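Only one chain comes next, encoded as structure tokens, the form predicted on its own.
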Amino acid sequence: MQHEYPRNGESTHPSSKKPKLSSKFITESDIRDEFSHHQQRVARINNGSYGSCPNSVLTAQRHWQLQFLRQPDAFYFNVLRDGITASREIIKDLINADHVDEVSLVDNATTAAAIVLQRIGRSFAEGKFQKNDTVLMLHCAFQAVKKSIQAYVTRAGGSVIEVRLPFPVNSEEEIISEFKKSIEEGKSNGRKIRLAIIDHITSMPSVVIPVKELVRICRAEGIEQVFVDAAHAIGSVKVDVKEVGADFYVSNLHKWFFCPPSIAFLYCKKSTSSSDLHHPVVSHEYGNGLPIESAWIGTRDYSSQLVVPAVLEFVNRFEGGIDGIMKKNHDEVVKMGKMLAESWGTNLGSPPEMSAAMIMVGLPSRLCLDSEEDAVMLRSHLRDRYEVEVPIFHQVSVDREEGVRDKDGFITGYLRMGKLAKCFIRNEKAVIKVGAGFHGITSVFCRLLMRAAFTVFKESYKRGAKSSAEELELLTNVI
């Protein structure tokens, strides 16, 4: 018997045309209004984790939420399927996919990794792959991806090869060379590499990876499937899934594309057999294809997946649209990173062309960040005492002789500067004006960042060679 209504996720109407760029660009006053909900005086230099959603998009989200709450059945049968399809159509055009059926909406990149890796795990469990066949990934892959491999692949008999990403990195060739070495290791003893997982932009440390070249190498080496984890990509770098050439490609839309959490797209190439790809949450749409399964995983708030048209309208209010925003992001964060590195006498973690909207900046060696615990302590202190939110990376040096030095010693800590930011000098003090142009307006002295760090190590002095006061005086000389 035919259903009275089309399945959720199926469209009954043609998709709307893509909104055109505005002829009247957004003003700074408009921007302040759009991000007036941000907590004042907090220097949010961590857009890469949670993003920034403007008021106009939040208003659209509230509209969808109220529609559901007023009449849930009508919303489910008459509204939700077409709304999600409209969002998928926009994403299809943004990423240059061939067909909307190649695009599924999921909560986040972690969910997408589970979808792909559950499929790989089933192939090991069912004997389609040989025991000890392997999955290849970068050693700095996101922790949730590593845990998914542990949960679905290694427990089913698969093995893992980690590509050691050089950092700091000076060129794409360094990454390509390490990648090729790891492929040789993965194919040793008759093993096959069943899946390669490649980050488009690594999270920590943050580096733009030469993903198209690595995918090309995978194809030349006979690697069966390639999954690109591009959690930070859309809205940060150009995304063209046909140019990349991977079988699977995921990116979050809440980080750099102004959506509220939680929404990501998972692209599955049409030529890739996808009949056995399933959402980890099994609902009554199981077996109807991943886009339909993902469009209904039970009663929950789907509003973040419905606001993509509103987001596109928002970004098209800026000169150059999303391309203009990406260029502004990159140019400003590089300018800020160079200024800080020069001021502190340190280095950037990668060349500017290998950065997108985030850049790694070396912290002075006098801070003596000797462990991940030190990095967490410093970050927490900056947040709680000085209202500065910035991720801090502890650099584990395998060979101290090859580490990067400043004038006092080896650099063991890096800031991940990741937000639209403008640097300028006022009253002989370096100021970071966070959010200039797009993400709200607030400011904080760069010196505050270092002085807060000094306070951490003054209050928890643990080396014993000098008194805390003497050490603090030495540290102050850094700036």
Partner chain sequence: MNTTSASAAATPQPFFITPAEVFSEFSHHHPSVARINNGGLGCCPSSLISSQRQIQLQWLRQPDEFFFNQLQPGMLRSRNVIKDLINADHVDEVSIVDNASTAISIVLQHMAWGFAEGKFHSGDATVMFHCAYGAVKKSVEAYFVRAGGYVIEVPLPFPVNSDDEILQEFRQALEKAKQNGRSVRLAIIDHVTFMPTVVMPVKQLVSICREAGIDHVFIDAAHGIGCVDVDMKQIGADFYTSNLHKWLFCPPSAAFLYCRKSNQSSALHHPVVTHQYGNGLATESSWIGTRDYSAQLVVPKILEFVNRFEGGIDGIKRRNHDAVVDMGEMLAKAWGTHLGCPPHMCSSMVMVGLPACLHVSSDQDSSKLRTYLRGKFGVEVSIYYRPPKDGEVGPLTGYARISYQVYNKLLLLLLWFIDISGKYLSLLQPKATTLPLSH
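This is a predicted model, so every value here is computed, not measured. Residue numbers count along the first chain shown, from 1.
This protein has a second form, the form predicted in complex with the partner chain, left out of what is shown; the following refers to that one.
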As a check of understanding, the residue in 143, 371, 132, 96 with any heavy atom within 4.5 Å of the partner chain in the model of the complex should be identified as 143
So the partner chain isn't shown here. In the model of the complex, which residue out of 389, 332, 178, 89 has a non-hydrogen atom within 4.5 Å of it?
389
Examine residue 200 and determine whether its closest non-hydrogen atom to the partner chain in the model of the complex is within 4.5 angstroms.
no
So, in the model of the complex, is residue 343 in contact with the partner chain at a 4.5 angstroms heavy atom limit?
no
The partner chain contact in the model of the complex: residue 32, any heavy atom under 4.5 Å
no
So, residue 299 and the partner chain: in the model of the complex, are they within 4.5 Å at any heavy atom pair?
yes
I need the one stretch from 363-371, 188-196, 261-269, 201-209 whose residues put non-hydrogen atoms within 4.5 angstroms of the partner chain in the model of the complex.
261-269
Going by the partner chain in the model of the complex, which residues of 88-124 come within 4.5 Å of it through any heavy atom?
107, 108, 110, 111, 114, 118, 122
